[in-house]
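Have a look below at one chain only, the form predicted alone, in structure tokens format.
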Amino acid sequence: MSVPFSGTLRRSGGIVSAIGKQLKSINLKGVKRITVQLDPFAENVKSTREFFFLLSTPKVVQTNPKCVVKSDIVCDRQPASIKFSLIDAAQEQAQVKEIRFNSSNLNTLELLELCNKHVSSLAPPEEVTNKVLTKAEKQKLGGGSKKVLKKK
């Protein structure tokens, strides 16, 4: 008698692929400004610095080029924090003006997950733009023009 297989067929990609997956789904369209405040001499600030770096990658910046990403470097032993200032439409939806993460005890993956859960969900829906149709697509939609043969 054999034991039935239970589990995955292959190993997971690890933390790097999980961060990449979360990074692909970040949408900053509902954000006006992001302020990252950190003390560089604190013990657990590495994940906040990594998150700040990931926010400035070109694919994330493309989601909202008008979003300002600013860092506040302080030396007062305060815990690291990230503040997202929302646009008006997102403020009405969430009924708050800003979202704050106390990031001192979170790793980079958890910060990205929280960002996707609380910030990316507030992005306004994309407006549908009119697509330019080719002749063949127009004929398919309109039924096409049929040639009529004349009988003599």
Partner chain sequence: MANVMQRSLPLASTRSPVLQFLRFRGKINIQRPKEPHYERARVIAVTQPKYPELPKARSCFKTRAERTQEQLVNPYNEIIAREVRNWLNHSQLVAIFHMNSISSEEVFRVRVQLHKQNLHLKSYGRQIISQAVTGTQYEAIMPLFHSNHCIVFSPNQQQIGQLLKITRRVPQMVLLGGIVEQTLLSRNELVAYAQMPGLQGAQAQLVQTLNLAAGQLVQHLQAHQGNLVQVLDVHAKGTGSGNSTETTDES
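Note that the structure is predicted; figures quoted are calculated from it, not measured. Numbering follows the first chain given and starts at 1.
Although not depicted, the form predicted in complex with its partner chain is the subject of the following passage.
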{"property": "Heavy atom distance at most 4.5 Å to its partner chain in the predicted bound form, all of 49, 57 and 75", "result": "yes"}
{"property": "Option from 103-111, 25-33, 65-73, 81-89 whose residues, in the predicted bound form, bring a heavy atom within 4.5 Å of its partner chain", "result": "65-73"}
{"property": "Partner contact for residue 40 in the predicted bound form: its partner chain, 4.5 angstroms, heavy atom", "result": "yes"}
{"property": "Neighbours of its partner chain in the predicted bound form among 82-113 [non-hydrogen atom within 4.5 angstroms]", "result": "none"}
